[in-house]
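The chain that follows stands alone, in the form predicted alone, written as structure tokens.
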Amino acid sequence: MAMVGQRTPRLHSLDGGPLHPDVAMLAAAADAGSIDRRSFLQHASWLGAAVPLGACAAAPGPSNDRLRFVCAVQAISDPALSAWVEASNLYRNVLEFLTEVDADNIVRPALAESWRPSADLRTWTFTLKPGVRWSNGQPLTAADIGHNFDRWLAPGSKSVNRTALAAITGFERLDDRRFALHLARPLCTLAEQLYSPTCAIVHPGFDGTRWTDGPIGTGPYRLTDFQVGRQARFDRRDDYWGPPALLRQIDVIDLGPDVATHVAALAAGQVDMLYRIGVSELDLVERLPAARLLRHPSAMTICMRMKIDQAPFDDIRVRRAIQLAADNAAMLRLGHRGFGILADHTHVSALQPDHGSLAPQARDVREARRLLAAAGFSSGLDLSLVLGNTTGRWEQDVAQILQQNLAEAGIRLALKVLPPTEYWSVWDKVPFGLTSWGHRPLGIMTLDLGYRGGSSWNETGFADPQFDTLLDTAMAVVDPVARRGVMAQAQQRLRDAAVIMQPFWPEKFTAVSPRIRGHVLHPADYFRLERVWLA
């Protein structure tokens, strides 16, 4: 059905039925100029509208080429428990998702060919693509999808999906290809959330322990070798149900945490693609003839967060003092060479369409000193910040700037730097830690994961029922303008609680061989390698 709109694109629904009634509201908002075209397309895609693909280079057919991709290879027990994006870039060669969110944050079909939310957003009906088969030859069925929702949402589940998808109260199998999700409250972002790294669809036979032991998947590759800390190998499936992958083989190579080593390997032609580079390598990569620099703005960030049930962070005066003493502009300028945009301790980026605008919070060292004295630390305070440089050495550079900032307020900050893999084992346990958070298309998704009471990834222990209610309200609002108003209230409550310091949103960089084609840098660091080829 054609939609009404003077300047907006003409859309139709993925399942051929009438468009969701809120799409007309979105089109009117776009025509009136209250939302931009990208925001219109993003929100329409949530509601089951088919958004046309942009122009892209014509790909050749399958080849016998091998891609060498530098990325950490860590142990993977259960994709639903994964807390690091690098792991998802391994298992996404073998596993697939119901939906896909592209680099422009548009939701597109993956295993599901369509989704249809009810008018009140409380019932979502999905239809699987026909002919999808697991690598063991079995057909993918709606019952298999139900198995995944059951394990994610079970009372004893340790997956972050348990709280992120807590609105789901029932899974109903309609037939072999169709199922319905019943929700306790409206959730307009459901289709987008199903592309979270923890929502990869696993085979019903998976026991939830060592996924790398002969995994069965619906994806275009088969895992043929896996050595923690060394390499993983994926071979193209000749029996894949969809268009065949372009590369015959993908070798994921773990060269350790030193990014300079990764760049040297790229310069020498020993590898083809890097997972990430930092600002320290930027100038070098720009001069290398054997490297092509890729960069993208992102809602990825770092947060220095405090556990509010542990002294001295159980005193809000201490937390406020730390936040007020932090100089975000200096941390961006000196720690990341100015590549990025300033943040405001709310963990929602102006790049995200649901960002609520707040008045900036000015640095105030005098007030920080007063608060510390009131909390009983008039002679100063000794603290230790734990970090792991999980996204590069620049994390430590930023922490050192913070160290200088806090010293002005009388806080003596020691830095405890762990190896990246060691940090991920304690990231949610240390009293004061620096944690990197990946990009999410929406700020509300990050707030729901990191700050809702009881969430598995709530590393601060923050618990505020009114904040949670605001999240529920925002998730039910399709109108982007109205949602920003609710989000502003939630962001204000989070900033007032002073549980984090969030200095800036760094620009994202990586480097690839000039031979690489078909790769689009995704703001969330997702690598879809089956679409890549070598020129």
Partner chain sequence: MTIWGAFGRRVVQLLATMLVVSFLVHLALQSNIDSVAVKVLGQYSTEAQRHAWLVENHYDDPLLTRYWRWLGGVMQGDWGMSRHYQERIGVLLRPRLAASALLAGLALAITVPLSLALGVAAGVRAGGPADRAISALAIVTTSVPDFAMAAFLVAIFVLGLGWLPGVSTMADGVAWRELVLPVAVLVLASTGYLARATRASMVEVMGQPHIRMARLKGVGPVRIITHHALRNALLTPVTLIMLQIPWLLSGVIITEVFFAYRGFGTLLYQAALNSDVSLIQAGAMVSVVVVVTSQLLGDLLQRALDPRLRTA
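For the two forms, the rigid core is made up of the largest set of C-alpha atoms that agree within 1.5 Å on superposition. Numbering follows the first chain given and starts at 1. Note that this is a predicted model, so its numbers are computed, not measured.
Only in words, not in the display: the form predicted in complex with its partner chain, which the text now covers.
Colleague: 103, 324 and 525 - do all three of these have some heavy atom no more than 4.5 Å from its partner chain in the predicted complex?
Modeller: Result no, not one residue of the spot touches its partner chain.
Colleague: Please run the contact check for residue 379 against its partner chain in the predicted complex: heavy atoms, 4.5 angstroms, yes or no?
Modeller: No, residue 379 stays farther than 4.5 Å from its partner chain in the predicted complex.
Colleague: Would you classify residue 120 as touching its partner chain in the predicted complex, given a 4.5 Å non-hydrogen atom cut-off?
Modeller: So residue 120 does not count as contacting its partner chain.
Colleague: Hey, in the predicted complex, is residue 310 touching its partner chain, heavy atoms inside 4.5 Å?
Modeller: Contact with its partner chain, no.
Colleague: Would residue 84 show up as a contact with its partner chain in the predicted complex if we use heavy atoms at 4.5 Å?
Modeller: Yes, residue 84 lies within 4.5 Å of its partner chain in the predicted complex.
Colleague: In the predicted complex, which of the stretches 228-236, 359-367, 104-112, 272-280 has residues with heavy atoms within 4.5 Å of its partner chain?
Modeller: Of the stretches listed, the one contacting the partner is 228-236.
Colleague: So which of 414, 75, 174, 184 reaches within 4.5 angstroms of its partner chain in the predicted complex, heavy atom to heavy atom?
Modeller: When its partner chain is considered in the predicted complex, the option within 4.5 Å is 75.
Colleague: Pick from 129, 296, 147, 210: which residue has any heavy atom within 4.5 angstroms of its partner chain in the predicted complex?
Modeller: Among 129, 296, 147, 210, a heavy atom within 4.5 Å of its partner chain in the predicted complex occurs only for 210.
Colleague: In sequence order, which positions of 389-424 have a non-hydrogen atom within 4.5 Å of its partner chain in the predicted complex?
Modeller: Residues within 4.5 Å: 419, 421, 422, 424.
Colleague: Has the Cα of residue 420 moved 2 Å or more between this form and the one not shown, judged after a core fit?
Modeller: Indeed, residue 420 is displaced by 2 Å or more.
Colleague: On a core-based superposition, does residue 457 travel 2 Å or more at its Cα between this form and the one not shown?
Modeller: Superposed on the core, residue 457 moves its C-alpha 2 Å or more between this form and the one not shown.
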